[in-house]
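A single chain, nothing else alongside it, follows as structure tokens in the form predicted on its own.
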Amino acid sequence: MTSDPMHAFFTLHRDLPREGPGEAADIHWAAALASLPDTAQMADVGCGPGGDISTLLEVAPKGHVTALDKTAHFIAAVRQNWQDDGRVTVLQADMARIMNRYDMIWCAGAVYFMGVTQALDAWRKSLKPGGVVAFSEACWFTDAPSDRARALWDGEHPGMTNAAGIKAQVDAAGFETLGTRCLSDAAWEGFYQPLEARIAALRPQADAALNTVLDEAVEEIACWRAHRDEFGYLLSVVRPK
């Protein structure tokens, strides 16, 4: 069977524990910085397969998570895993149209679909008084990245900036930054190691379109391991001024 590029991409990005770098410690840090109550109402925006839901419930065990994503098979996976837990609501929805109000909107690596300023502008109305947005965003750590790193991110995120640029985008939305944290190597490997296993499993039967997607993922992983000092993800916890 021949696959088109989008079908090939989602063939790779199935049955993975998460869709981007992250670890439980990131959520615990954000919750502590925000003084999140144990009854917090939280939105997991662009939740993917739901890799952060269990930790969100750890930091607010009496709270509730509304997990939303527009991709049907991610939502199906989340529903299968959380359908019996009354603390979790799962919605197939556009991240630009969040309903209800939350103590924390959590967005792991997906804010670039909208842009930082645009996302914060859209989400302001969905925050309770004192509520925060915690988001991770790809970030340059150097003003002179290698050609290899630049080629990777020019294709994936051409608007990528540095920490000062992210803060300026937050400021432009009328939010203040409570704190920032660079995602650790463990957060990256927690995404890439399962991805590598998925690549190896798919490779023997891959057609041309899927092989292209697999090759791109292999290069992404190799580029990060070789140039991790040049780029990463910055986790920011912000709230309206």
Ligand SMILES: C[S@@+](CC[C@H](N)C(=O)[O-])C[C@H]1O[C@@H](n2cnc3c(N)ncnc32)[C@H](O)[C@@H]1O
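All residue numbers are counted from 1 along the displayed sequence. A quick note: this is a predicted structure, and the numbers were derived from the prediction, not measured.
As for the form predicted together with the named molecule, it is not shown, yet the points below apply to it.
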| query | finding |
| --- | --- |
| Partner-proximal stretch of 141-149, 107-115, 159-167, 127-135 relative to the named molecule in the predicted bound form, 4.5 angstroms, heavy atom | 107-115 |
| Heavy atom of Gly20 within 4.5 Å of the named molecule in the predicted bound form | yes |
| 4.5 angstroms heavy atom contact with the named molecule in the predicted bound form for Val90 | no |
| Close approach of Met95 to the named molecule in the predicted bound form, 4.5 Å, heavy atom | yes |
| Interface membership of Asp26, the named molecule in the predicted bound form, 4.5 Å heavy atom rule | no |
| Heavy atom contacts to the named molecule in the predicted bound form at 4.5 Å, residues of 41-59 in sequence order | Gly46, Cys47, Gly48, Pro49, Asp52 |
